[in-house]
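Only one chain is shown below, in structure tokens, and it's the form predicted on its own.
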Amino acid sequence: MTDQTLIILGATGDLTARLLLPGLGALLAAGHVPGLTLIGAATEDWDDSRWQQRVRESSGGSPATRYVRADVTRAADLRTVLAAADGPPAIFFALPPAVTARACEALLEVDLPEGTRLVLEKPFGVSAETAAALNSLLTRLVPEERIHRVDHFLGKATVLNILGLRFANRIFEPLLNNTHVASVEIVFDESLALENRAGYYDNAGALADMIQSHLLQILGLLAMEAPISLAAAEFRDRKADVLRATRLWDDDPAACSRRARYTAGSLSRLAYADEPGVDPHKQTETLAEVVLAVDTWRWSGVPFRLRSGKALGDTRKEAVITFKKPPRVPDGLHGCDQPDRLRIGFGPDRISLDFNINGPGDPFELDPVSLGAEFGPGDLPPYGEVLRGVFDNDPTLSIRADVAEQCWRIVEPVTAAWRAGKVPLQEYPAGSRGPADSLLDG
């Protein structure tokens, strides 16, 4: 690999310290970027010494690095930052979406080095229209193949293991269709509450923060047809096919969506509306559910239920494929009450298969059992995988422009129904299981 320069705009922020620099540190430790030059840029009055300390503490490494104080929405300051780069850089926008857009507009006035790559954090816009406008702006700066829209969920080893599970095991792949599958759930329920993220979260909410981005990407992997190879173009085409075929169940946003926010409870002494920095009049949801249809030959008629919530008592991070019951169980066999389920866990990272077998004692009495296996951890954390793709000029794990727009297209009828008051904002105590009338199977 040739020498690389990474510029982080928003270098003093939480994202950089908590996720980006540790991912970079894992890459450095594995020897993937031997000639890295790292440049941090932000408005804070830091010097090289303070920045280098941040890099050491967060990454565990000591790459060649320096800090440039800059307003990244001003072309003149961006020229100063780029002047510190050695060769064509990768520019990582570790910034809020609105600031990222303004920084990209300022870059129009800058002569970018040939080969510059742009790396953006989700969300990509706040609607299909704004995503399209951002995509148009980005392609005025660099070609699409040098734009990396980061969704770190696609760097999770377990998420990527979905591909191996589906396409390398004949006992599963022939069954993953509407002949055998009753429903699919993709759930990311967490016990964490707001955790001082009001500045971002109160403008996003659970639907945009998790479902519109991460969970729709998992849906794409679960429902896509087998690509000829994992080459970027082929892999991304198949995922795009699925998302283009995805819509709301029965095209009824009021019936196929739920929203709620937590009140004070065992996991938070404050209700979400009372958290510092929250505007309660925005009615931002901390839990969102949608039911989707994937109108392909394989999946037509199978509901895909997506849910994400905060401050929930039962942490649940998994995709669950529920199979239809057998058309008939012979008379005399008892206890076949639970359907077979294939579970893919995202924390802990494991796979399990729930099914029924003859239990001890009465041989005609069936008992539910579960066979499980742990997924092997990946060599790199999610941000390490994402950055490796950037440095290798491999866009396989990045979100293509049309897919970013499709993901907004899928959820926009829901947000419109919510704004119109067609779906009430329910409440649930922090530490509970969420609203009683969940759209999940149970």
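Residue indices: 1-based, along the sequence shown. Remember, it's a predicted structure, so these values are computed and weren't measured experimentally.
This next part talks about the form predicted together with ligand BG6, which is not shown.
Ligand BG6 in the predicted complex is not approached by residue 244, whose heavy atoms all lie more than 4.5 angstroms from it. For residue 153, a non-hydrogen atom is located within 4.5 Å of ligand BG6 in the predicted complex, even though that partner is not displayed. In the predicted complex, ligand BG6 sits within 4.5 Å of a heavy atom belonging to residue 200. Residue contact check for residue 237: none of its heavy atoms lie within 4.5 Å of ligand BG6 in the predicted complex.
Against ligand BG6 in the predicted complex, the set 122, 209 and 310 is in full contact: each member has a heavy atom within 4.5 Å.
Partner contact region in the predicted complex: 145-153, out of 320-328, 145-153, 85-93, 363-371, criterion any non-hydrogen atom within 4.5 Å of ligand BG6.
For the residues 295, 71, 340, 190, the 4.5 Å heavy atom test against ligand BG6 in the predicted complex is passed only by 190. Residue 214 is the only one of 214, 261, 258, 305 with a heavy atom lying within 4.5 Å of ligand BG6 in the predicted complex.
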